[in-house]
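Just the one chain here, laid out as C-alpha cells, in the form predicted alone.
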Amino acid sequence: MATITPRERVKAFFKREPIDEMPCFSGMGAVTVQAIEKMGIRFAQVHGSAEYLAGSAIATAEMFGFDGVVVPYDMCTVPEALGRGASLYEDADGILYPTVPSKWATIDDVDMPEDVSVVFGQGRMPVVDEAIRIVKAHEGSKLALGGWVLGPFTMAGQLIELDVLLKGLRKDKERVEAFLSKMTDLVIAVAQHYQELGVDYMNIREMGSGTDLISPRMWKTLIKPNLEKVFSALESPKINHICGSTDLIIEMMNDCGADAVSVDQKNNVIESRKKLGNDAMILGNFDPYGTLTQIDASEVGGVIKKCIDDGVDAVWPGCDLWPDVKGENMEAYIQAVREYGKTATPAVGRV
C-alpha cells in the first residue's frame, strides 16, 4: 500500500476499500492561477484548447499535491453545443468564466435535436474529449480523473432562465416536465460519453436545486425522479452534488442511486451523518472561496479538520475552486487533509 498511486487511492476510496489516507481531490473545477501563470497563458485561453485545459489541471494537481484532476471548468460546453453559443472572453486578462449569451426565451423556443449525441461533435465538446485523453495518457495515468455534468434542472437553467421554468410549472406544467425529461436524457448521454472515455468518477451537479430555491416537496416530485433516472443509467463511481441548503433533502439525495452525496458549507454534516448513518459516503463541505482566498493560511487547517471531525469521508470544496487562490492557503488545505485524514472515516477504513 506504500506505493499506491493517487488514482489507485481514489478508486479504492469509492470501492470503500481500506486506504492509507484520505484522498485529496474534487468533483468540481480545480485549477489555480499559479498553474496557469507557470504555463505562461491567460485564464481565458484554457477553455478553448485541449492542451491548455488538460495541462492546467495537471499542473495544479502536481504543484499542490492533489490526487486527481477534473475537466472541464465551465458550464457552457453543452449549451454551446446545442447552439446557444458561449462567450469565452478571450481577450480578458482576469478571471472570467465562459457564459451562455443566448438562452431560449420560452419553452416554445426550445429546439432540441432528436439524437442528443450530435452534441459530441459540436462546439468545444471535442476539446473536452481530447483533454480527457491527454490527462489519461499523462505519466501512465497516475492521477485520478473526474468528470462532471450539470443535473437536469441546472442544465435547463443554462438553456432557459430558471424563473421562466418555475413560472411554467404553474402555468404549463406538462411541457416544463417534458423539457426536464429531455434534459435528463441529455445529462445521461453526456455523462455516459465521459464514462466511455474513461473518467474514474462522475459527478452530477444539480447545483440549482437546493432548498434555498426549491421546497423539499417540489424537490421530491420535480428533481428526485430525474436524478434517479440519471444515476440508474450510469456506472459507478457516481456522485450526487448539490450546492446551498440541503439539510431538508439530504435523505432524498442519498436515495437517488449515487454512490456518494456531496454538499457545501451550508449543510450540517453532523446532522446529515446521523440521518444517513455510517454506511453513506458523504463528501464536503468547506467554502472554497472563503477558505482559500479570504482567511489567513493559519486558519485553513481548522476549517479542514472540522469537516473531517463532523464526519465527511473526503474533504471536498462546496463548489469550484476560485482560481485566484492564495498559494499558502492551498498548501495548508492539502497538508491538513493529509494530516487529519489518516484515520478511518465512517464509510471508509484505513490499512
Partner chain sequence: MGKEELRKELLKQLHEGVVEFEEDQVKEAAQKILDEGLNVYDAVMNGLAAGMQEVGDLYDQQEYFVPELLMAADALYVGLDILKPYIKLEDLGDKPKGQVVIGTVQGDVHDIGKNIIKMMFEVAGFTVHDLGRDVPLEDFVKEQLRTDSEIVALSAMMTTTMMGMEKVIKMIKEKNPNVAIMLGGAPVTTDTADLFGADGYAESAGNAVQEAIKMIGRLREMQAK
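Residue numbers count along the first chain shown, from 1. The term rigid core refers to the maximal set of C-alpha atoms that superpose within 1.5 Å between the two forms. Since the structure is predicted, the reported quantities are computational estimates derived from the model, not experimental observations.
Just so it is clear, the following notes concern the form predicted together with the partner chain, a form of the same protein that is not shown.
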For the spot marked by 211, 216 and 266, is every residue within 4.5 Å of the partner chain in the model of the complex through some heavy atom? yes
Counting any heavy atom within 4.5 Å as contact, can you tell me which stretch out of 127-135, 231-239, 83-91, 174-182 lines the partner chain in the model of the complex? 83-91
Residue-level contact is defined here as any heavy atom of the residue lying within 4.5 Å of the partner chain in the model of the complex; does residue 112 satisfy this criterion? no
Given that the partner is absent here, does residue 100 sit within 4.5 Å of the partner chain in the model of the complex, heavy atoms only? yes
Is the gap between residue 163 and the partner chain in the model of the complex 4.5 Å or less for some heavy atom pair? yes
Any chance residue 274 has a heavy atom within 4.5 Å of the partner chain in the model of the complex? no
The partner chain: the contacting residue among 248, 107, 197, 189 in the model of the complex [heavy atom, 4.5 Å]: 248
What residues of 301-337, in sequence order, lie within 4.5 Å of the partner chain in the model of the complex by heavy atom? 322
Just checking, between this form and the one not shown and with the core aligned, does residue 92 shift 2 Å or more at the CA? yes
